[in-house]
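Single chain ahead, by itself, as structure tokens, in the form predicted alone.
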């Protein structure tokens, strides 16, 4: 693993050096990662139970907002929302225990500040 990284560094340094003629790469900024990421909000994802909600509202409109006539559609919507909430809680529990796929930007920034990057070019 270390040999692959050093081989890549050697290749990049060859591309940047003037010893082999005109340098191929001309970076306008130093080739180093920053110690912070942009503090953006994570995407919430797609809304759940839209079809059940639209079926329920269409039924209400047809029956002049009679709740008793659309009991089956209301129950389907409530089942869907309960299932979506259970999935969301399970996903949040997984992310809080460290098994999630992405870090929140605040967490990434604290980790990057703990382990700062060395500011020197290759």
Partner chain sequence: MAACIAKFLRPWSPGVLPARWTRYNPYYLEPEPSKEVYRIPVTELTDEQKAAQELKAVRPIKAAPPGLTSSVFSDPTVSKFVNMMMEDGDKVLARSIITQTFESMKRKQVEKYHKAPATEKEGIECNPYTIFHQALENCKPIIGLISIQKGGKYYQVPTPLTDSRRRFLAMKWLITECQDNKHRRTHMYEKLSQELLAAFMNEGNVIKRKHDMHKMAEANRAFAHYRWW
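Positions refer to the first chain, counted from 1. Every value quoted in this text rests on a predicted model; they were computed, and no experiment measured them.
The discussion below concerns the form predicted together with its partner chain, not included here.
**Student:** Would residue 85 show up as a contact with its partner chain in the model of the complex if we use heavy atoms at 4.5 Å?
**Tutor:** Taking the distances in the model of the complex, the answer for residue 85 is yes, it comes within 4.5 Å of its partner chain.
**Student:** For residue 44, is any heavy atom within 4.5 Å of its partner chain in the model of the complex, or not?
**Tutor:** Residue-level check for residue 44: yes, a contact with its partner chain.
**Student:** Wondering, does residue 39 line up within 4.5 Å of its partner chain in the model of the complex on heavy atoms?
**Tutor:** Contact check for residue 39: no, nothing within 4.5 Å of its partner chain in the model of the complex.
**Student:** I'd like to know if residue 57 sits close to its partner chain in the model of the complex, meaning any non-hydrogen atom pair within 4.5 angstroms.
**Tutor:** Although its partner chain is absent here, residue 57 would touch it in the model of the complex, with heavy atoms inside 4.5 Å.
**Student:** Looking at 78, 72, 94, 35, which is the one with a non-hydrogen atom within 4.5 Å of its partner chain in the model of the complex?
**Tutor:** Selected option: 78.
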